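This text opens with one protein chain seen in two forms, each one given by itself as structure tokens under the names structure 1 and structure 2.
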Structure 1
Amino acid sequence: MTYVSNSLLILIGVMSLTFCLGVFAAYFVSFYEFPGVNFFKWALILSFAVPAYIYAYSLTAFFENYGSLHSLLSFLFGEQNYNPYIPKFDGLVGAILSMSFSLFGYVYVLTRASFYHQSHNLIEVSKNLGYSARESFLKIILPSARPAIVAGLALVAMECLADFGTVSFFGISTLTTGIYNSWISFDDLNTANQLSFILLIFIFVLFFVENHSRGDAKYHQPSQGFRQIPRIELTKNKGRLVSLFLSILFFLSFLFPFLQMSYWTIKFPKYFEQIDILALNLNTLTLVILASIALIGFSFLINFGNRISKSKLLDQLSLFSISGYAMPGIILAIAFMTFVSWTSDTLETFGIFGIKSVFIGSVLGLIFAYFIRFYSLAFNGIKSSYLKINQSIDESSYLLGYTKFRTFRKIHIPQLKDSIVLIGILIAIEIIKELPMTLILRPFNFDTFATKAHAYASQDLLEGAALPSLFLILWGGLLIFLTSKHILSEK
């Protein structure tokens, strides 16, 4: 019962805070003109580069006894004991704050896109009805953006329920820590599967409630009569207040963990010798390349097969196969091990041995698990791009004597190359941050930035976790910057 109650408390807290942060940030950058609006528009998505568990390390390192805040106060006001006056953010409060500042970007990005595409006619209607700016926001703007907000909150909820690194670091008993401890600490796969089933019920209930709450409501905008909303110029004082709010949000969500990890890395240079950064980069790069090749290659094959066969059955099977992204990584890891163990035991009765060693504790098994987890990213990315290629192009190429394979090679791939790069970057971001699956299925003595940081943090050596955490943030920030044009596209 403790597992369920803690998971619910964290879920409610994170969804409430991400709703406030994400919606208000999206509202300000979408409808108002103020100093720095174009900077904040893309800077706020850098929070995606900071996993919640690294934010938790930063929060603890800054506010702990004789931590960074104590050092800062001592430098500014002289040496004395500031610990009684320094707040402590741990337990449920620390977990909620860490996840919220890491995940609010989901709500921000989707809500901003919805706000941008709202018709100017709606705003004019609200003015004709005599609504103030506050009333227009509550009665017109917010309700029309409901599907995007709910979609963002659904993603936040799934990430929150699937989180392992943050709750494990703060020592909170949730469903994910229960699943992990059942398998790793007690070697009890049955209990792990039972807890996984409960967590899956949570996920399915979220989807059911969201779909049921919408009913027959319609939220689309008519294609005719749409006019882009011009941003309103704020007065000097109001503009400064909005800029201050977004500056604080940007600082807390990205600069704070980045600067904290940078400070500890510089303060404890000995970890440059203890940690093989080159090996961590090579290991992470190996996983990214292998997983990207498998995911993009198979997604191309399935989408091309659907395009040329036009089979409804194949299309339905494809839709079913992308459901893995909704499943928490720790559940997929446990389910994968259960399946491999059952298959291995079955084959051993026929004299076939060694299946477990091939898939459990190996790079191949890890790539296979990544494939299940992130297949929807690749599949949907390729599919959405394929839909932009008119079928008449294929028919014209056949009339010119092109085979289906040559059409695929000469026409489809060149037109989809930008999508391939984008999908590869998105897969890389997910794999770099992924912790529970990598932690459970990785080969012995095989570390990534995430697992190395977790190993040091679990031993209360936050100064050791700083270096791999910093590299993870840098790589994640660079990749997110490269995709910002697509994430914030206004087309």
Structure 2
Amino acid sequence: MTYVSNSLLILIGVMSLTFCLGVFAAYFVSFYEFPGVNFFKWALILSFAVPAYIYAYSLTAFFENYGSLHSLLSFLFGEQNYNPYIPKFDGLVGAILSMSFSLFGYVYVLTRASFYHQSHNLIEVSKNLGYSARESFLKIILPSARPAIVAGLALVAMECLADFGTVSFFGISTLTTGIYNSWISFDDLNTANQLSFILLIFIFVLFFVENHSRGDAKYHQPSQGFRQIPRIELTKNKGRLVSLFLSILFFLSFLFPFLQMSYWTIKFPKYFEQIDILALNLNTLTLVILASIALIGFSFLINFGNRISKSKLLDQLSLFSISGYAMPGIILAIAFMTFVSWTSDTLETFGIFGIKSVFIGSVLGLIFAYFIRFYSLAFNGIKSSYLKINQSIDESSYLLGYTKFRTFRKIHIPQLKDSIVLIGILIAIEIIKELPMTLILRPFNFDTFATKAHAYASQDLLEGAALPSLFLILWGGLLIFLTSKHILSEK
């Protein structure tokens, strides 16, 4: 039962850390004026570009015996054995730190959005009540942002449970690795089923909580009286302190892994020759483009269908179809293979052959798997933007004699253009970071940044993993930078 206890420890650790980091960061950038506030506002979401497993590589690289920190200390203070004094961040602690810094962004973004929309009146009320800053934070601000915080934490928790790269790198048995091992390595379906059942309960609870909170989190913007809260100027010292806290957070969540990977890329230039960077870029790009088209296209269709038919059943069905996001990628990939294999065998009795080679070990199969995993991202994204288009617009369009399809083409698509780009980019970031499904389902001679980094990491050459990891971070960072405005304002 170490599986369950490890998963629980990781959940508790990561959720507490992401709660503290995310909520405080959001609180400061939303309500206070201090040096660098506009920079931190978006810089903190760059952490989305660093997947937890690359964070884990960086932690190990830096803190291991004779690692980068040892080199740094030797460089600064002369050769000596500093190893006994260097803390080792591996195992459970390493996993918790890696996941926390790469996931706190969820809590930060959602909480900040909620703070942003918080009515000015609320703050005024607390002032009138004579609350101190601390009291108003604890008694007014925090409770009113609760749904957003809970939704953020639920997302964090789902990602934690789904993680495979980080925990297998640190050798921790969790529910997900337990299911994987008992299913695959030991062919022990009994244990696999039991663990899956526990995992499903976890996921179900989180899924419910997240959906529920998201419902609550609809921002009730008062028709009047809403204006952005003027930020409170902090005293010089307090302002510096807050800046320092956020600088550290920015450093730890983004700069640290980025710098570690850059350092190694420069220190071990031979990997530039060994790794076909162009192919990695092309492969990743292919996957991103195909998956985005499939995901966005289909989500559009379903959302449009829901809108014009207003069928309850369809609504329920689409809710069911989005649960893929809560499923760990590694388990999904294996289930996918098993399913394809079963379907294929069944079809063969009807004389249809070759289904397996079409879906396992092909780009098409990968796209399908991504589709199942990331459909909720696309679906929910389009849905929330669709809700912003008033039904009466559709009705006016029909009155003008537009057909439903024409309404879709001429009215909906132009209005949703911005959010399509945003969702496309969010999908891209997820796919660039995706590891376990790509690893299992890919075709021959096909690598992405993530699989290449993993290949080097598994042969104990993290130095070689640095270059693909760096590219992965850079691409993710660039995409986040381009969409930061949307991520920060819309959600």
Partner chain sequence: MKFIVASLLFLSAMLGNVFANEVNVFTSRHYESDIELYKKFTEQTGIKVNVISGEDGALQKRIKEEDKDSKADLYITADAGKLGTFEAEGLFQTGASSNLIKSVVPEQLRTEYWVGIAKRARVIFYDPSRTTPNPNLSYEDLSYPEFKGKIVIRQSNSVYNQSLVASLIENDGLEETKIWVKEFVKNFARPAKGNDRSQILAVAAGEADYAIANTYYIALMLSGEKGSEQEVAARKVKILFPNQKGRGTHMNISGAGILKHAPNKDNAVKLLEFLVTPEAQKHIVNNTFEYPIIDGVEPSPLISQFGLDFKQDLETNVSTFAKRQAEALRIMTEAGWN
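Quick note, the numbers are simply positions in structure 1, starting from 1. Rigid core (definition): largest C-alpha set, two forms, superposition within 1.5 Å. Not measured: the values here are computed from a predicted model.
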Taken from the structure described, the form predicted together with its partner chain is structure 2
- Query: residue 76: with the rigid core matched between structures 1 and 2, does its Cα shift 2 Å or more?
  - Reply: no
- Query: So with the core overlaid, does the Cα of residue 353 end up 2 Å or more away between structures 1 and 2?
  - Reply: yes
*Would you say whether residue 394 is displaced between structures 1 and 2, judging by a C-alpha shift of 2 Å or more on the superposed rigid core?*
yes
Taking the rigid core as reference, the Cα of residue 413 travels between structures 1 and 2 a distance in Å of 3.4
